[in-house]
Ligand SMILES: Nc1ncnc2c1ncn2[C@@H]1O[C@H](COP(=O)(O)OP(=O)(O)OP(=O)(O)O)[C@@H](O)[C@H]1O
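Below you will find one chain, with nothing else, as structure tokens; this is the form predicted on its own, and questions on how it binds or moves follow later.
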């Protein structure tokens, strides 16, 4: 079951598939044409062989009319060809050469079409995902999202390129093969086509079963990818707590479930293909046996017999190919639905007419209340044997329900919070874990969307719901407690938000963040590679890198979300002094647990369980003897 925050932009997998195929249609169209050319050329050779055996070698009167009959008469008839067999060999070689050229262009056009398709799918998926709201990302596992964008995309590509593109060719091949076979011997043709409905019927019988099994495999692969991604990302935590054996055992158990689900799917496919092999083999046996009897009776010539067997082979393979298309269709249907879930998820949307007001203005929170959305839990991994016992009706009902997020089921993180931050002032926010400090800032930056009945946040009198989202975020700099650094150098990470990287500007921002001296002590200075997620840096170094990154933008509003927690008190004081000097006209919001970080703020707001408990300057709050005083006393050295 997927967490839902979706619309029905693409009502069916077919509509989404048509959308993706738009840019590749001309390549797939050309591939179909060349595929048809290959089919027509393949139909020639059995005719040539039958003519050679019966008329050229056997002396039977040639049954050729029109252009071919006139051409044969002009060159001397079968008698001439009997003494010049190389002419037929050249003709066969020419047909084969044309077939090879057609196959080349078919594969070339097919490859270009599928690669353009995959590129379009990945580009649009990536673009759509990065514009989805933070709540959506919190509700969906990263590993599962990656699996949808890789494995599921590849499944759709294989279906279009290897199965569906051949469908027209297969249809034409079956049609002409039956016509040519019927012209040779109608009774034997009826024997050949008698088992075709059986093949198609059992293919449809296995269609839904293969689809259900593949859906389970696909979902479990997504969870397995998520498990690997989480453990590799948090490998230091795993190693620090000695959890290697536990994680290995947990991974092994789930991997075994994943393996068993694949075995179950392969068992189903093995039955499917074995049944197909048996039916096809039985059909070939009947044709060979009845054809031999007809030859002995004189109802078929040797050439006609050889040609009929060739056409029967052309009939058997395409019919089986139809069965394969049906089975692969079930896999592709599951994959396109998983991709459709992402594409139907609602992106962050701005109001119809957005504003770009002056941001160096008063920030006002008016009766702000917020509760995090509640999403249905994802299903836990089950043994595939147990999964197979669930009824189809129950599964369809569960898939169709898609309950919307419900706010009322969760208690408010913030309740009726109101305060004003004057432009250019410094405001501190203090509170315990879960008191709503970070939520306030995420609402202001619209990483979380404030509901219509959740009050208002205004900047310069303008409701942030009406401010262009990109403009708003460009003018609000946030440094998180656990900043995310990308693989690259220190300079690249600090200059991440700048359109061009100038080392002097990078160093100037780092000096304010009290990091320049530290960076220059590294062997490569600002060219030091920080590794994935900044793994080579300490917590304090990562925080100061992120502070420098924000300062390089020089936004009019700066938010420090407990981003000085990993630095020592002396460095904390240096950074705050430098910030006061460099950012006198900037509105600064300090979120912290440490009172020494907040005590010089123009105003301090104390949150308790999502409500404002106290508000004032440091001295006033100490005199009140409330929660602020209690925290202050606890933080004083004994």
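Keep in mind that this is a model prediction, so the values were computed, not measured. Positions refer to the first chain, counted from 1.
This protein has a second form, the form predicted in complex with this ligand, left out of what is shown; the following refers to that one.
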I'd like to check something about residue 434: if you look in the predicted complex, is any of its heavy atoms closer than or equal to 4.5 Å to a heavy atom of this ligand?
yes
4.5 angstroms heavy atom contact with this ligand in the predicted complex for residue 138:
yes
is_contact(residue 372, this ligand) in the predicted complex, heavy atom dist at most 4.5 Å
yes
Whether residue 153 contacts this ligand in the predicted complex should be assessed with a 4.5 Å heavy atom distance threshold; does it?
no
Which listed residue (210, 413, 238, 558) meets the criterion of a heavy atom within 4.5 Å of this ligand in the predicted complex?
413
With the partner omitted here, the residue among 574, 47, 593, 611 that in the predicted complex has a heavy atom within 4.5 Å of this ligand is 593
Out of the stretches listed (154 to 162, 266 to 274, 515 to 523, 425 to 433), which one is close to this ligand in the predicted complex, meaning heavy atoms within 4.5 Å?
425 to 433
